[in-house]
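Given as structure tokens, the chain that follows is alone and in the form predicted on its own.
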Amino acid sequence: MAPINPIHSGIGVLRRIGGNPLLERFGLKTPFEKLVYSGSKYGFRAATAGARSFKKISGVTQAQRPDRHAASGLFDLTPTEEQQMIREAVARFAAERLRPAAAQADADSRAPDGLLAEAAALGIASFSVPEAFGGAASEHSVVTGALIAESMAHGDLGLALASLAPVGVANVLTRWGSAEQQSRYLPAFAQDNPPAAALALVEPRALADPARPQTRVMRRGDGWALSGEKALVPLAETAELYLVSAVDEQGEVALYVVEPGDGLLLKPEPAMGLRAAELGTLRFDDMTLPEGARIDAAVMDYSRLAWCAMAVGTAQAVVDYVVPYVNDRQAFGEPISHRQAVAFGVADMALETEAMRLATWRAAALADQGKSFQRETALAYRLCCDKAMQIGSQGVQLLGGHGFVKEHPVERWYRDLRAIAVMSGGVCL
């Protein structure tokens, strides 16, 4: 006898209720149909177990940590020749594949079929996986990660987030995962089709602090019981692996490896921006996790650096679009860029974008050198939160009426840039 599918069973019940003639007699059929539609579209649904089976490889007894990127004695923010090559390759992909698909992805609240697989084929995730697990990470560079994130976001911020979220999970497992966790999960990220995965740190409550989550774990036998809710999770419905922040009974915060299964409910939650990233909410109802699910990771600073890098890329896209527009747009017989207010506005946008970039690179470079970078990350994040939104708003303003319509991408970039101040997690350098 085939096992009962709770989703199909529930649909069958709804169909029987919907066919009841009493609903039509009392004028309740239309409201009922709306309820069913909204429930299926926006309500929580049970997460089915992922199709992928993560299989542990044998022979690795100690966690593998790539060497820190070798830094010269001088503090130099100039990308190396290798970094510049990687940056150009990613920028070309973002311009040729992400940018043309961005508008439709925003409208559909999902990436086009096959596009994320194309992004994965670039092999970015493989550079986060140590060689012992089939990857190519002999060393790890936060600066290189920032350059990749910036270049991807220049194409589109939502699609960049969807593409880089699995890379962030691989980075966390590589940097902090145990030998058991690395052996089980990292080999999949070195394959041609790495798993969809994401960090889940943000919670749906006022003044939520990602460093102080209310999602909780409690001891249950030789494992854990996870309860709580996470919001604005990229790839929420399609992810095969999540890293979820939670606080234990001693008040200590850690990440927990979660695979879809019993106790996890999903709900799509298209937001104002980042719609292409397939944002959604996760609810954990006393979900059972094994003992080895815990990762003690200091992830917040690396996550914020990733958001800073993506903010820089999208802000640069706004500047690059606005400059030719104001030079070509004519008013009273001359380009509007000849107007002092317009010229100064564009100059401010360019200066602020460069300030964001340098602040982000500086923090990333300090991280590569093994020095304290928390202060510099906090400064960069605060700067990017404030200025990215202003740059998006100014871009809309300079386009006038064209800034308000979807014919031009600036309105989408403005909506995406507003998310920088509220997003933490999802991705990690």
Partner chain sequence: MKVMVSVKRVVDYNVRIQVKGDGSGVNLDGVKMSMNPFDEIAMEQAVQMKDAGTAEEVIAVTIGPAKAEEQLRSALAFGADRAIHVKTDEEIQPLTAARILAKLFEKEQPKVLLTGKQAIDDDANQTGQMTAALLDLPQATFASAIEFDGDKAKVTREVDSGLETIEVDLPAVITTDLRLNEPRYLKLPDIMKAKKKPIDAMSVEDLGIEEAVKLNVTKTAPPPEREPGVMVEDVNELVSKMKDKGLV
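Residue numbers count along the first chain shown, from 1. Everything numeric in this text was worked out from a predicted model, so none of it was measured.
Although not depicted, the form predicted in complex with the partner chain is the subject of the following passage.
This chain appears without its partner; in the model of the complex, the one residue of 291, 249, 88, 286 with a heavy atom within 4.5 Å of the partner chain is 88. Only one of 210, 123, 79, 112 lies close to the partner chain in the model of the complex, with a heavy atom inside 4.5 Å, and it is 123. The shortest heavy atom separation between residue 262 and the partner chain in the model of the complex exceeds 4.5 Å. When the partner chain is considered in the model of the complex, residue 302 lies well away from it, no heavy atom lying within 4.5 Å. Interface residue remark: residue 222 is not counted as part of the site for the partner chain in the model of the complex, having no heavy atom within 4.5 Å. Using a 4.5 Å cutoff between non-hydrogen atoms, residue 133 does not count as a contact of the partner chain in the model of the complex. Exactly one of the stretches 95-103, 306-314, 353-361, 268-276 approaches the partner chain in the model of the complex with heavy atoms within 4.5 Å, and it is 95-103. No residue of the trio 185, 237 and 258 has any heavy atom within 4.5 Å of the partner chain in the model of the complex.
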